[in-house]
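Consider the single chain below, provided in structure tokens and representing the form predicted on its own.
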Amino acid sequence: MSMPKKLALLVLLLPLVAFEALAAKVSPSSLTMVPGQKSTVAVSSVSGSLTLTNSNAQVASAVLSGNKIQVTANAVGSANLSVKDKKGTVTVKVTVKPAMTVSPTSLTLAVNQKATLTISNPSGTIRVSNSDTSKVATSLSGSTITVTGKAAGTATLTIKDSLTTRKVPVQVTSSSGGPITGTTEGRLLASNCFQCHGTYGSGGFEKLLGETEAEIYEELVEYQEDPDFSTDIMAAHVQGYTDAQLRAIAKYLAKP
């Protein structure tokens, strides 16, 4: 007597069901990381021994230890980690993105003074927490945080996205000259100067606060055009700015 067709088909499919049940599984099946970050992938339902192949060790290094893969992100890019047992191969996709940065990395403000923090390369939602709202007020708009000094003291701002955490210390001095009334034109451009010259050009390598608009503009043009200053760090910083942008920076720094 011949086997019914439906029963014969079921008998043929049973090995495939068993195969899928025994195939190795990975969790998570994909990773998104930033350089320097470490993560672990768990391997389960293993049949026989495991082997690991990495398509791009320069982007992410991976070490198989028992039923776990230790992954370290090295550089921006992507890599595929292939995990093989006797039943087949599963793949873990690793994507390494640039880490979020915040500029400047610290602030010094007077009471009622404002400054901006610029966020670059954010991943997902940006969240800002403030260790002392009585000393500092913050306002997030897009990828820019406006910081206002409220009272003398210190506070730490913690800025997070889905992959990175950055901390920015803020010091508020006791000087309270009232609200800042100077021009806001060129503020974002001039904020790039704060890392070396202090907030609003108040110190650092060279104090700019107190110089006239004409003096600051002449210095910027000199660094941009004079070959005698071509190896100076300032020459590298001013390249690419238009004349209008240099004037806006000078105008703002002369009266922030």
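Definition used throughout: the rigid core is the maximal C-alpha set that superposes within 1.5 Å between two forms. One-based numbering along the sequence shown. This is a predicted model, so every value here is computed, not measured.
Although it is not shown, the form predicted together with a small molecule is what the next lines describe.
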Exercise. Could you spot which one of 214, 57, 196, 63 gets a heavy atom to within 4.5 Å of the small molecule in the model of the complex?
Key: 196
Quiz item: Is there any non-hydrogen atom of residue 25 lying within 4.5 Å of the small molecule in the model of the complex?
Solution: no
Quiz item: Counting only non-hydrogen atoms and a 4.5 angstroms cut-off, does residue 243 reach the small molecule in the model of the complex?
Solution: no
Quiz item: How about residue 205: is it within 4.5 Å of the small molecule in the model of the complex, going by heavy atoms?
Solution: yes
Exercise. Verify the contact flag for residue 192: yes if a non-hydrogen atom of it lies within 4.5 Å of a non-hydrogen atom of the small molecule in the model of the complex, no if not.
Key: yes
Quiz item: Among 65 to 73, 35 to 43, 215 to 223, 49 to 57, which stretch has residues with heavy atoms no more than 4.5 Å from the small molecule in the model of the complex?
Solution: 215 to 223
Quiz prompt | Rigid core superposed: residue 214 CA moves 2 Å or more between this form and the one not shown | solution = yes
Quiz item: What happens to the Cα distance from residue 241 to residue 116 in the model of the complex: does it get closer or farther than here, with a change of 3 angstroms or more?
Solution: farther
Exercise. Explain in one word, closer or farther, how the Cα atoms of residue 192 and residue 112 are placed in the model of the complex relative to this form, where the distance changes by 3 Å or more.
Key: farther
